[in-house]
Ligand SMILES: C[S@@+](CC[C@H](N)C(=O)[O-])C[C@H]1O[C@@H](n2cnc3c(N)ncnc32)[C@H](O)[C@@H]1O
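One chain follows as structure tokens, the form predicted alone.
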Amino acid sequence: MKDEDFLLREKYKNKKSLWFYFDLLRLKLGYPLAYLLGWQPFLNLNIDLKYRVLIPRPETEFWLERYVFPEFKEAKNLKVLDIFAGSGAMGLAMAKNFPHARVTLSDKYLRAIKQIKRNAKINDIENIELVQSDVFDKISGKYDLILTNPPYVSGNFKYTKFSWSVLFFEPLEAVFSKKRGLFFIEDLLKNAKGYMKPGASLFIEFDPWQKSEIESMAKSLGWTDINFLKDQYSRIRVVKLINNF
């Protein structure tokens, strides 16, 4: 279904009002459909976007369902950390699909914390804890699973094909990071093991071109169980690391 047809059906109930044509113009100018609707579907959840956090991506939805859900389907007393949680899509999907798990969602920005609270209420999810933290600053305890979609886009045209829709409308602090997009990934690789139980898993989403640098970085930091996984477009999109320290 075309975006304009979806907009007409979902927001305007197939009635072509003046406001519909105004939104249609904004859509043509690159305004994200999810922001026009006010929400984005994500693994049977309705992810509200009132506070203009990063729009959850289909690639993230794919790898979470394909790789993470099956691995932990038999887990008991599962403790999960979703760091750089943004809208809360990943952590809330884990909490919804694993009702006996305890899921901590963390983000640096207050608007993200407000957004996660709102999405938890909309989707009737209670088995969560929210922490406003700059990466691991306010995090405590050890987890069976850490999930993260950190800012990983390089600001250098050499490495990145920019989407004008992202540049003009989405929160840039949730998209870009220093060191060619590797700043926060390096932080995670250096410090995540201190928050992981023995044998725990860490999943990090990244840009496919970063694979070799991430692999070298992980090995230099002592990670030995490193697996790269593909998205639905057969591009390397996520790295899974096991805490064997």
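Model, not experiment: these values are computed from the prediction. For every residue, the number given is its place in the sequence shown, counted from 1.
Not pictured, yet referred to below: the form predicted together with the ligand.
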Checked Asn123, Ser154, Ser133, Asn97 for heavy atoms within 4.5 Å of the ligand in the predicted complex; positive is Ser133
Just one of Tyr35, Phe184, Phe62, Tyr51 has a heavy atom within 4.5 Å of the ligand in the predicted complex. Which one?
-> Phe184
So which of 23-31, 215-223, 190-198, 52-60 is the stretch with heavy atoms within 4.5 Å of the ligand in the predicted complex?
-> 52-60
Should Ala85 be classed as touching the ligand in the predicted complex when contacts are defined as heavy atoms within 4.5 Å?
-> yes
Met90 within 4.5 Å of the ligand in the predicted complex, heavy atoms = yes
Is there a heavy atom of Tyr109 no more than 4.5 Å from a heavy atom of the ligand in the predicted complex?
-> yes
Taking heavy atoms and a 4.5 Å cut-off, does Glu173 contact the ligand in the predicted complex?
-> yes
Relative to the ligand in the predicted complex, which residues of 62-77 have a heavy atom no more than 4.5 Å away?
-> none
